[in-house]
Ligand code: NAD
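The chain below stands alone, shown as structure tokens; this is the form predicted alone.
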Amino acid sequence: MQIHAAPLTKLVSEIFVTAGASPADAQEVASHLVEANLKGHDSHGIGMTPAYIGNIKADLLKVGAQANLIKDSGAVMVIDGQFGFGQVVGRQATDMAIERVKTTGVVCAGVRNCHHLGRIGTYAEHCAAAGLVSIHFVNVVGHAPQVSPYGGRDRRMTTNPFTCAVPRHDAPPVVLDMATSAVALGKVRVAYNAGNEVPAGALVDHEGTPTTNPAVMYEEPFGALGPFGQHKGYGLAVMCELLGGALAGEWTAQPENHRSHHIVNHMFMCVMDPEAFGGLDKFNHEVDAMVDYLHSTTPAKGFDKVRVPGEPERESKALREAEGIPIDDTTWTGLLKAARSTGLNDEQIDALIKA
């Protein structure tokens, strides 16, 4: 089915309000999830809603929690999300860093104990909109690992996102936002729900043999996700684990730490004001000139043009704003079940969708 962003946002927001969230927090979470769908990252979109509702009911997601600054050393800040909505506490932590960087030029912020942060690119784009460069290293804990290290078949880490954004003068920013696994686990979930295969090289089965069948992540005997780019992606995943987990969160995927069915993110975030380095005009010129230089490349066979990071998401958003967001039957069924579990009835759901 196809559904436009506005009614989908209303439905998801009302689900969270009915589950106990404030209208403002529910709207922020819903808007974040739908924006992920609009930008083509369905793995981090409204399909996460049932997991969030499940964690609210299990008291693993604290709907009223807000970001709490627990250590302040000027350019170094440690912020505890208190297991609140990641989209809420993550934005609040980013706002703290943006405000502080006005006086320090550079901020290193450790953001810990957030429920699922969602699409990390959202926070990088928020920084870029303020004219700031940002780098984000994220790990994922609270549940069993899903990703095998390069050269191994056992699960030891999760998808550990890495994100970086560079602002541009009078143009959209350059935004690299990616999982360090070959694909995001949510993309495997989307493929599994739709009955599709995943790209070759993304998964191994329980014997360590490459497979394109997403069922190995959800049906026994279990397989594992692999890192992107072999040893290079694996190395970056380790750095996300150590900086996001050991440094920012003091909680990594190693087995001494508690695992249940939680979704916890820690994020190490560096936010930088280009002006603090001097030569802002030169910086802006070099960024724009380099992007133009990349765009001038003759497209290879099978490609219409060369893009820089962030452009595929903007193209997806323009298309889906016009045509609606595609939602597979399994995801839609799960969303309706989550809505009903909070107390919404079919008449209320229909009214929200048709509003």
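Keep in mind it's a predicted model, so treat the numbers as computed, not measured. Start at 1 with the first residue shown and count on from there.
Absent from the display: the form predicted in complex with this ligand. The rest refers to it.
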- Message: Looking at 325 to 333, 58 to 66, 283 to 291, 309 to 317, which stretch has residues with any non-hydrogen atom within 4.5 Å of this ligand in the predicted complex?
- Response: 309 to 317
- Every residue of Q146, R189 and A224 near this ligand in the predicted complex, heavy atom within 4.5 Å: no
- Just to confirm, R155 within 4.5 Å of this ligand in the predicted complex by heavy atoms? no
- Going by a heavy atom distance of 4.5 Å, is T159 a contact of this ligand in the predicted complex? yes
- Taking the shortest heavy atom distance, is N265 within 4.5 Å of this ligand in the predicted complex? yes
- Message: With a cut-off of 4.5 Å between heavy atoms, is H116 one of the residues that contacts this ligand in the predicted complex?
- Response: yes
- Just one of C270, V204, V238, A184 has a heavy atom within 4.5 angstroms of this ligand in the predicted complex, so which one? A184
- Item | Answer option from A165, I79, V140, A97, heavy atom within 4.5 Å of this ligand in the predicted complex | V140
- Message: At 4.5 Å, heavy atom to heavy atom, what parts of 172 to 198 sit next to this ligand in the predicted complex? List them in sequence order, or say none.
- Response: V175, L176, D177, M178, A179, A184, K187
